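Shown next are two forms of a single protein chain, provided one at a time as structure tokens under the names structure 1 and structure 2.
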Structure 1
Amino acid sequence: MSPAETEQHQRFLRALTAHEPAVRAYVRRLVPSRADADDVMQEVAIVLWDKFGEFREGAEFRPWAFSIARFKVLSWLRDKGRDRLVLSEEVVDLMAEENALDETRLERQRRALEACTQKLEPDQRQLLMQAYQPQASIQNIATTSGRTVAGFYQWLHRIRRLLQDCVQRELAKEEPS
């Protein structure tokens, strides 16, 4: 790489590292599973680097990345839509649009969650983190925790509701009253 290219590469990596969690979460909201989000993210990262030359210095990286991610998700849906259970393109496109505008709120939610998972009982948190490991086997986790698979999903839904409520409360605290 020439010095100019190296510099450009470093600039790109700084931007990507800073915004990657947000872009990943954006993709996650539009595809059915976390594994799908990983797949799409890989492609998004490649396109971002390819097109980084066209990215205007001073423009905002995140909306630009969102627009590329949106495009990638839609083409992924077109590829997968036939043999996978996915939401319709129309709905996904609508949500992509709305989510991009709503990003500030969603990011605050993600930050607030950190405080909320700490409030869980240690063994509950441990179980939850296990369930969210890449390639986790829900079957095994359910069995070791003494639940049926259906029972485990019920538990997972309840925990998510608890966390969701906690996040709302945390955010309400931040609002100036």
Structure 2
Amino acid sequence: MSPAETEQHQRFLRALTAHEPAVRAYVRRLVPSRADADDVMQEVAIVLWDKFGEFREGAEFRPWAFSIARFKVLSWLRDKGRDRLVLSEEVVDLMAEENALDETRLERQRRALEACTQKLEPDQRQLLMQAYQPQASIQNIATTSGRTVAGFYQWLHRIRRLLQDCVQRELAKEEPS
């Protein structure tokens, strides 16, 4: 493998790893079961890799991956056309359009939340991140922070409200006046 191919492979893996959960969630919303989504995702990953050479540098990977996923879902639906439990192409198109709108809104909210989280004091941000780790023990975090569990939940509630207000202000700045 040449250095250029290695670099392209690494760029693809970074992009796919970063966006795979969102693409999988997108596919999962359009097919009946998790197993079906797994099958479609395998095909999506193959096509993404095959077409990565056509991907424009600087373009957003996620919308491009959603577009490919949408076509793979439609192809899967055609293959499963005899199954009465499968949605029609029109319904999938409608759901895909709605998901694209939701994705845009969610991305704006994610960016705003990230900006607002960065405004917290470092110790507050660290405690917040600890509380949202998988399998986090609130009791341990509360004890480590010198709070009771009830006190920690109150603090967490205040931080969430603070972040919610901040996110709303950030989103309001983006809307045209």
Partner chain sequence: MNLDELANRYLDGQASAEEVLQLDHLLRTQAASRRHFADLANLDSALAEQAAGWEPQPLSKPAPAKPLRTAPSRLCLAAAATIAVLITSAWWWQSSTHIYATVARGIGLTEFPQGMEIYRKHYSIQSGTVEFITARGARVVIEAPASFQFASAQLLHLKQGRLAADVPPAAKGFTVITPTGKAVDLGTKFGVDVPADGQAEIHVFQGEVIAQSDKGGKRQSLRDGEAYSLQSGAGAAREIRSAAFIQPDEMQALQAALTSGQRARSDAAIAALRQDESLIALLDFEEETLPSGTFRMTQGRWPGSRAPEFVHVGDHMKLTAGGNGRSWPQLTLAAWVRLDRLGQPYQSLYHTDGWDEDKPGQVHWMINRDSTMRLALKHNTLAPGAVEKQGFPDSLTPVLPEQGRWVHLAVVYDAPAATVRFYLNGRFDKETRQATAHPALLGPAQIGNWNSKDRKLSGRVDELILLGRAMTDDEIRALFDAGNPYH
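Residue numbering: structure 1 sequence, from 1. Just so it is clear, the model here is predicted, and its values are computed rather than measured. Definition used throughout: the rigid core is the maximal C-alpha set that superposes within 1.5 Å between two forms.
It is structure 1 that shows the chain in the form predicted together with its partner chain. Split into two rigid parts for the change between the two structures, the chain puts S137 and D79 in opposite parts. Think of the chain as two rigid blocks: between the two structures, the small block swings through 72° with respect to the big one. Per-residue C-alpha deviation between the two structures, core superposed: R105, 5.0 Å.
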